[in-house]
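The chain that follows stands alone, in the form predicted on its own, written as structure tokens.
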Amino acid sequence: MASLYLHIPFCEHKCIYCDFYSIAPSDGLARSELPTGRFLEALKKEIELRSTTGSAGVSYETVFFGGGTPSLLSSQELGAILGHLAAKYSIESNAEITVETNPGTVNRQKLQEFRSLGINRLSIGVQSFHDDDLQFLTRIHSSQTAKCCVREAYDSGFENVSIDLIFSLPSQTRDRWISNLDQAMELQPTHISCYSLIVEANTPLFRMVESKQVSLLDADTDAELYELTISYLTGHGYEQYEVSNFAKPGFKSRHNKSYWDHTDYVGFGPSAHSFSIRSQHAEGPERSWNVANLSDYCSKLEKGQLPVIGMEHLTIDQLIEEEIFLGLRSEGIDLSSFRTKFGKDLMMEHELRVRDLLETSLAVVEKGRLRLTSKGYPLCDEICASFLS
């Protein structure tokens, strides 16, 4: 399995908690004045340049437009990008093609146009069904706009619709979070991603917390809300297949799984990352990342240069660490595959630690995989650290 990721670096407004690279209109600059034309030309050039380095014989099963806010682009612009990709890469006929979508940036007609392009999955950034929460997060949409967006997605022919929600907002209570989940169930998304509010450095939220304008929930309350989320969603027919991700049967994100399964992916756009487990370099598997600046990104490509700003070749020890971390975060570590890849028996190497996890019901071994249980997921970071130490 291999995947393609495209980072679209434009937003109508930067949310206070987001640290992903994007640019938004400044005061006095209209959305139409964002440098989309220059970016799209640069993106086309990057697609062409990268297609000559290692894509021969590779078939791509997923395409993911992230950002930023990819749904700010017109259907014609997205169609042109897909056309460039199809001309240079072998994309499977049943590929999962996802566009991250913010309510308030699309309407029924635009969604229908997206669907006609072959886009078959939407990831809608709802975040909350309470308007005061949305105002705090500085989202551009209302609760009703979010609900309308999900309904119109289904009406436009999408069968695979995911929504994002954020819990542990300041002063959030158990009942208020349940209200969010209840309203999500009314819409019946096929996939739900639930994230705890994280304070990232160099964001407005970070400065608000530092200046004590905002007080975060304590760790125990955060853990309680997370455990509630697992119980609620699994009780409503969703399968938890990663720390933050829940899906109805048959609707796990194939693109996300490609990351967690350590398969190849190619990233396009400013700040995008690429990874090749099948790297032809003698040094071994390769990870690289693009410059996180739109002007520098475009300038490099206009000179015929790839916009890569950093690269590393992963050692066996690094690969083992990532295999453990990614596996425990998601559907578990395939013990046979681990032994074949690294010549190590994970169960023997960490016998006491594994036994402790099994005896305390934090993990199970099923179908040849060591995976965390719903009781173990909230402790995922600590459990991973104990293996890596």
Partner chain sequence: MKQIRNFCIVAHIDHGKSTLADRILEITGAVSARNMTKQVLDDMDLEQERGITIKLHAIQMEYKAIDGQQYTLNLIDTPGHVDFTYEVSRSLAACEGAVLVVDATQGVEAQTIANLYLAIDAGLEIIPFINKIDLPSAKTMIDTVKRQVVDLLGCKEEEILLGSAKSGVGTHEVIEAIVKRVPAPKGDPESPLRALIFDSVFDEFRGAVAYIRVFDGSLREKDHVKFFSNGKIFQAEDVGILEMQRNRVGALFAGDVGYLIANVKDVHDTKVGDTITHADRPAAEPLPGYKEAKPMVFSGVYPSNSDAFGELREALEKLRLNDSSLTFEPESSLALGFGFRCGFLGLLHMEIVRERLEREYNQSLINTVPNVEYRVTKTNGEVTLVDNPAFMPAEVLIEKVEEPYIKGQIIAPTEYIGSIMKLCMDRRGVHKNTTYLTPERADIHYELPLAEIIFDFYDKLKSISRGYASFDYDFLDYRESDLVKLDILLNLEPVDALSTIVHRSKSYDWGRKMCSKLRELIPRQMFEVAIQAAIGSKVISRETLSAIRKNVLAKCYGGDISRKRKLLEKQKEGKKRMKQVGRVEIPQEAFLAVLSMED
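Please read all numbers here as calculations on a predicted model, not as lab measurements. Numbering follows the first chain given and starts at 1.
The form predicted in complex with the partner chain is left out here; the points below concern that form.
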| item | value |
| --- | --- |
| Segment that reaches the partner chain in the predicted bound form - one of 309-317, 76-84, 146-154, 204-212, heavy atoms within 4.5 Å | 309-317 |
| In the predicted bound form, the residue from 182, 92, 302, 224 that sits within 4.5 Å of the partner chain by heavy atoms | 224 |
| Option touching the partner chain, based on a heavy atom within 4.5 Å in the predicted bound form, out of 24, 380, 16, 365 | 380 |
| Residue 321: touches the partner chain in the predicted bound form, heavy atom cutoff 4.5 angstroms | yes |
| Non-hydrogen atom contact residue 44 with the partner chain in the predicted bound form at 4.5 angstroms | no |
| Touches the partner chain in the predicted bound form: residue 329 (any heavy atom, 4.5 Å) | yes |
| Touches the partner chain in the predicted bound form: residue 188 (any heavy atom, 4.5 Å) | no |
| Sequence-ordered list of residues in 256-277 near the partner chain in the predicted bound form, where near means a heavy atom within 4.5 Å | 256, 259, 260, 265, 273 |
